[in-house]
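Just one chain is shown here, as structure tokens, and it is the form predicted alone.
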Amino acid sequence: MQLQRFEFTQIRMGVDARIVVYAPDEDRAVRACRAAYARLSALEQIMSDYRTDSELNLVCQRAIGRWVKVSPELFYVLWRGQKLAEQTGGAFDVTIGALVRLWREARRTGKLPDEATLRTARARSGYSLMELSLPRRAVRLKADGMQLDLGGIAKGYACDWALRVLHKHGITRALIQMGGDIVAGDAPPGERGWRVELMEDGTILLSNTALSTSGSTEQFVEVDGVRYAHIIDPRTGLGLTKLVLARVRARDGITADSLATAAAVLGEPDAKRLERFYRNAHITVLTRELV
């Protein structure tokens, strides 16, 4: 059966969500990709910190001091986040929403938050302030004003789901890309893998694997001669002051995405030590001072 290449792009989770598939005909490709985008939309409604009515934001409002049952999708992502937080000593942390919002404001105004404001945000952050109950499938937050942020893990998870939906529609030769996160299925016909261009490493081939890149090269704020990146170190509450490029290949998107975020904060050699927790993961980190 002759397969044809089809490519679609729509905005999801604030980025271009690109889906490339090989299908027998356009009708099959459209139906499958439409279903994949619908799943991405549903996940965005669950995990967005921008949408006031998202499940994530409703949990932040309702779970202070009491257990709140959540969807299986949200619970799984929070559980994976907590697991990585423990493995990294808090270098990865989904509870830093209060700090993320401070740094969004800092990039907008060009001013750092004052010490009191930063101290308050840090008191509302920290993975030890979130409890998860597997039997209840529930979340409990310990501090008023806590805000969860899944920016370092949700897109990779969403790519995994998109590929899963395509498989249900009989399409296995597919690639999904959302920002710096890529999840690849079976290779295109006659190829050993999907060709992905990397600025510093040339072309690599991906097949049934995920690739994520996290870095501080584009978004930053400069204050008093110091450039603070948009990537926050949860342990200090401050944006990174190093130029970092972290790249991770892993078996799935949620692993690659979250490890890349953690690796950007940890730097070498600590990031490489995470490989012992994740079979077949490969982590690369390039770092230099921001000037």
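Quantities reported herein were computed from a predicted structural model and do not represent experimental measurements. Residue positions are given as counts along the sequence shown, with the first one as 1.
If you look for the form predicted in complex with a small molecule, you will not find it shown, but the lines that follow are about it.
Shown alone, this chain has one stretch from 189-197, 152-160, 168-176, 114-122 that lies within 4.5 Å of the small molecule in the model of the complex by heavy atoms: 152-160. Checking 243, 231, 70, 46 for any heavy atom within 4.5 Å of the small molecule in the model of the complex turns up a single hit: 231. Checked against the small molecule in the model of the complex, the residues 100, 138, 206, 78 give one hit for a heavy atom within 4.5 Å, which is 100. Remark: residue 250 does not count among the residues lining the small molecule in the model of the complex, judged by a heavy atom distance of 4.5 Å or less. The closest non-hydrogen atom of residue 91 lies within 4.5 Å of the small molecule in the model of the complex.
None of the heavy atoms of residue 255 is located within 4.5 Å of the small molecule in the model of the complex. The closest non-hydrogen atom of residue 56 lies beyond 4.5 Å of the small molecule in the model of the complex.
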